[in-house]
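Single chain ahead, written as structure tokens, the form predicted on its own.
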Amino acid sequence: MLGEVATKLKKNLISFNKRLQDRYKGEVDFDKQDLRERLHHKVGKFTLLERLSNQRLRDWLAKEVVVGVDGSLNKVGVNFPHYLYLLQALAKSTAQEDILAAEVFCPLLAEVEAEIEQFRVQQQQEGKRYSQQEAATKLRTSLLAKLELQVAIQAIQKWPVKLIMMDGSLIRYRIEAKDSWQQLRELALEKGVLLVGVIEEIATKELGTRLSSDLEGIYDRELLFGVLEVGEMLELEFKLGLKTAFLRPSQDPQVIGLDILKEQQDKLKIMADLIQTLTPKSGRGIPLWLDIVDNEVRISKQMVESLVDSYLDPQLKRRLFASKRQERIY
């Protein structure tokens, strides 16, 4: 039986690979120099970045610090509403100081039920319809964004911050936690703190749309794969109120993205230089400081299970959150 399943999956993968090759035939083999020229004329300028020396980095920072911000979540249970999520966000400074925020999210709590219903009513008034499950997912996503913004705000209030690196696009915070985002944005501009969102997984389709109809619909990460030189940045604007850039800070051919406030666009070069400096040359293209923050904030499945087993009534855990899947023999 297992052999028959493996054979069928093998045939499916071979067919799938052929369809992918047909889909991208001619699109992944474009002339690199021609594409660079088209990007330069129709999209934005290429800029060569530099790795800051230790002395220049110290001079630029003076007595201020760089802060990395990231969030994490994990859950116990499977289906709505019988699950609970543990969420936390971490702001970590290069002075080795931390700020941590954490929350529990469970649709079974009366106050969360009320929030879900209130959210559904508000969205319905705007012509959008959400199920209870969809509304709960939106609220949970918003809560994690709020926690990340909360620790970033506290970092500016508590520490002499030069720059904050957020994990992901800044537009995400504006969409998912508008009020908290506005508070962070205004505080950063008031205090002169640089804000940059580091985008690991680029999911936009902006470049192909600007270049030509035959490239429209192709994802930016696909178009730029191997096109930028190591240490090179492509600047552009397509997000309201933000300045965006793609860059290749390591030998990895896949680019990453940066979002910064439009009011701070004159500092884009130094921010990109810093990102390049903090990224290992032979690494995966992400600043090491953000990887450190990600590792420290991550909530593993084992951690969730351990905390729940220690602090949740075992009868309630079994009644509300136990999954039949976990009881499988095989």
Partner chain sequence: MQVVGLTTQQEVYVASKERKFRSNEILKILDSELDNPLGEVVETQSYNRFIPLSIKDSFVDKGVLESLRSIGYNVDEDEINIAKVRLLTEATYPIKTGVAAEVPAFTEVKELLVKESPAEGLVLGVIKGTEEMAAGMDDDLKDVAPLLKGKEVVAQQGVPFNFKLKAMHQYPHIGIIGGSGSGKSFGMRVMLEELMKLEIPTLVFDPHFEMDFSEKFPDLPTEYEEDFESKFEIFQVGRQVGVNFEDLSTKDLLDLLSAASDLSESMVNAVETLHNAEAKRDSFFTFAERLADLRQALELGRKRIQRKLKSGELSGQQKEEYQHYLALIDDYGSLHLSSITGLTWRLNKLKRHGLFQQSISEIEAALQSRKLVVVQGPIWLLQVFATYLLGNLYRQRRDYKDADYSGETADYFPPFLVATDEAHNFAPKGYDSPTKRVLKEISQEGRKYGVFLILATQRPTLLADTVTAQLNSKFVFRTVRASDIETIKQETDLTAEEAKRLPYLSSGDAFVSSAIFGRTMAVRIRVAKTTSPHTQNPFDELEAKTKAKEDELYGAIAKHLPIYDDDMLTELKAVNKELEGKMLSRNQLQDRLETLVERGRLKKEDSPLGGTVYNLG
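Positions refer to the first chain, counted from 1. Predicted model only: the values in this text are computed from it and were never measured.
Below: the form predicted in complex with the partner chain, not depicted.
Contact with the partner chain in the predicted complex, defined as a heavy atom within 4.5 Å, is made by none of N74, Q132 and L139. In the predicted complex, at least one heavy atom of N295 sits within 4.5 Å of a heavy atom of the partner chain. Among residues of the shown chain, K92 is one whose heavy atoms approach the partner chain to within 4.5 Å in the predicted complex. Contact between R38 and the partner chain in the predicted complex is not found at the 4.5 Å heavy atom cutoff.
In the predicted complex, R58 approaches the partner chain with a heavy atom inside 4.5 Å. Taking V43, I299, L261, L278 one by one, only a single residue has any non-hydrogen atom within 4.5 Å of the partner chain in the predicted complex, and it is L278. Of the listed positions (Q315, N12, S306, Q21), a single one reaches within 4.5 angstroms of the partner chain by any non-hydrogen atom in the predicted complex, namely S306.
Only one of 219-227, 93-101, 108-116, 174-182 places residue heavy atoms within 4.5 angstroms of the partner chain in the predicted complex, namely 93-101.
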